[in-house]
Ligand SMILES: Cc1cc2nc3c(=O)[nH]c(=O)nc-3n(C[C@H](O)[C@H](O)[C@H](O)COP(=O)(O)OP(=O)(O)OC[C@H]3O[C@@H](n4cnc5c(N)ncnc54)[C@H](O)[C@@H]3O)c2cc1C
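In C-alpha cells, one chain follows: the form predicted alone.
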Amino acid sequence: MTMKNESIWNNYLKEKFLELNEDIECDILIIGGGIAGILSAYELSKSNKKIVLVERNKLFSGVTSKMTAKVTILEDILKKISDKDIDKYIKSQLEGLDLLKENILNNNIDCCFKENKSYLFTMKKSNIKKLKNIYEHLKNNKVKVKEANFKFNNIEALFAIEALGYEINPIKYLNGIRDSLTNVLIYENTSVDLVLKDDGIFTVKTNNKHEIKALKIIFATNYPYFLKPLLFPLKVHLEKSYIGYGDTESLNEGFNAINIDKEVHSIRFYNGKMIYLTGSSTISNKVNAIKNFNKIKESPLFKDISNLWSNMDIITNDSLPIIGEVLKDMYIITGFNTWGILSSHVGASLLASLILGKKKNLKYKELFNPKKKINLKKFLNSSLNVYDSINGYLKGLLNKNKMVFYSKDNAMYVAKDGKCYLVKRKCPHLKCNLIFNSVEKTWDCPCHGSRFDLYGNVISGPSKYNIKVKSVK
C-alpha cells in the first residue's frame, strides 16, 4: 500500500469559488473558510444582511481538513475546565450537538453521520479521581453516561466511562452547509493583508490588490493575526498532533475513544478503518517530525497505514474557546482546544445573536468572552510552553538533516531527484527561523505555527504572506 502524507479528508475537498477580482462592499465580512467561518456564514445567512466570506486557500483545507472529527460529549479537556465552568461548557456541547443534527436534517446532508459508542478513559491511577469527577458532572447534566470496561489491543483503561457518540465525514457535512448558502458571496485564494477602520467602516485590503468595505468583521482563522486587542499570545499556545489512518489487527464496532492522560490516545473509525492520534505536544517541544510519525507507524494498533498527517490546534489557558466581540463590530471565533466541531456550532450561533442584536443564544457569552481577564495562575502554568518553544527551537537548529541546508538568510531542501528548493529562512510573521518538516515536506515556524509548502505558499497562519522560493537545478 502506498502511503500518503495527507489527511483522508482531502479527498472530499472541492474547489468551487474564484478569488476576489473587484472591490466590493458588504454588511458582514467573515475571514476564514474553515468550520467556524462557514457555520458563522450559515447562521448569519438567515438574516437579510449581505455577507462575504474570504479564504486564503481552498475552503476547509486548513485545520478543518486535518482534524480527527470525533463527535462526542466525552472530551478530554473536561479534566482541565474549572468546576465553576464545566457544567455550562457541557451544556454548550450538548447544544452544539443538537445544532449539528438539526443542520444535517434540515439540509438533507449525506455525511455518513451515524451513532456509535464513545469512551473517555484513563490508564493512570492518579487520574481516576479526575475522571470520576467528570462522570458526576456529566450525569448532573443529564448525559446518559455509565461506567464501562475499555480495552483495545495494547490500550487498556483502569477506569472508563461510556456514552453515545457519532461518526461523521466532516468535509461532506461542510460541503452540504456550503451548498445551502445561496445568499453568501465566497471567495477562495483571497487573503487579508490589512484591516483599517475609519468612521465606523472597515476597509480590508487583500492580497490581490482589491478592497472589501464592511460594517462588521468576523475573524474565523485558527490563529488570528491581529494580536494587540486580544493579548492573544498571553492566552493561548499551539499544540501539534500526529495522526494516522489505516487497517487494524483488531475487529471493531465503530467506536470513538480518548484518554485524559498526558500521553494522548485518540481513536475513531471511518469506513471501517482507524484514525489514531498521538504525540500531541507544544509546537516546538518535539520538533523531530520523523520521530513522532514513526510512533504512529510503529503502533501495534495498526496493521497497515494509508495516510499520515499532522494538525495544529490553538490551546487556551482555561481550555475554553474564545468567541465574541473583541473591539466594536470586530468579532472572533477560535481556540477550540482540539474540539472544534460542536463548539463551532455553538460559537456561530452566539456570534449571529451578537451581530444581529438577538437576545436568544447569548447564554455562553461570558463563558467564551475574549475579554476575560487573564488568570495569573493559568498564565504562569501555560507560560512553561515558552520554554518548550525555545528549547525545541534550538533543537531544530541543531537537528541534522543531510537533505536540508541553512545559512543566515536562506534555507534549502534537496529532493531525492536532485531538485533544490531555496526559500527565505525567516517567517514573514515575526521573523522566526523556519525548520523543515521532512515527512510532510513543509517549512514550519517553531514559534507561532505558520507553515509553508515547498513552493513557498503559506499553508496556515498566522503569517499572511508567502515566502520567496525558487527552484535551482
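Don't overthink the numbering: it's just position in the shown sequence, from 1. Every value quoted in this text rests on a predicted model; they were computed, and no experiment measured them.
Omitted here: the form predicted in complex with this ligand. The next part is about that form.
Heavy atoms, 4.5 Å, this ligand in the predicted bound form: which of 30 to 38, 44 to 52, 433 to 441, 419 to 427 makes the cut? Say which one. Result of the contact check: 30 to 38.
Evaluate residue 336 for contact with this ligand in the predicted bound form, applying a 4.5 angstroms cut-off between non-hydrogen atoms, and reply yes or no. Yes - in the predicted bound form, heavy atoms of residue 336 and this ligand come within 4.5 Å of each other.
Contact between residue 340 and this ligand in the predicted bound form at 4.5 Å, heavy atoms? Yes, residue 340 is a contact residue.
Taking this ligand as it sits in the predicted bound form, is residue 332 in contact with it (heavy atom to heavy atom, 4.5 Å or less)? Outside the cut-off, so no.
Given that this ligand is not shown alongside this chain, does residue 161 nevertheless sit within 4.5 Å of it in the predicted bound form, heavy atom to heavy atom? Contact with this ligand, no.
236, 355, 192, 111: which sits within 4.5 Å of this ligand in the predicted bound form by any heavy atom? Going through each option in turn, the one that passes is 192.
In the predicted bound form, which of the listed residues (317, 311, 122, 92) lies with a heavy atom within 4.5 Å of this ligand? Only one option qualifies, and that one is 311.
Could you pull out the residues of 110 to 136 that have any heavy atom within 4.5 Å of this ligand in the predicted bound form? If the 4.5 Å heavy-atom criterion is applied to this ligand in the predicted bound form, 110 to 136 yields nothing.
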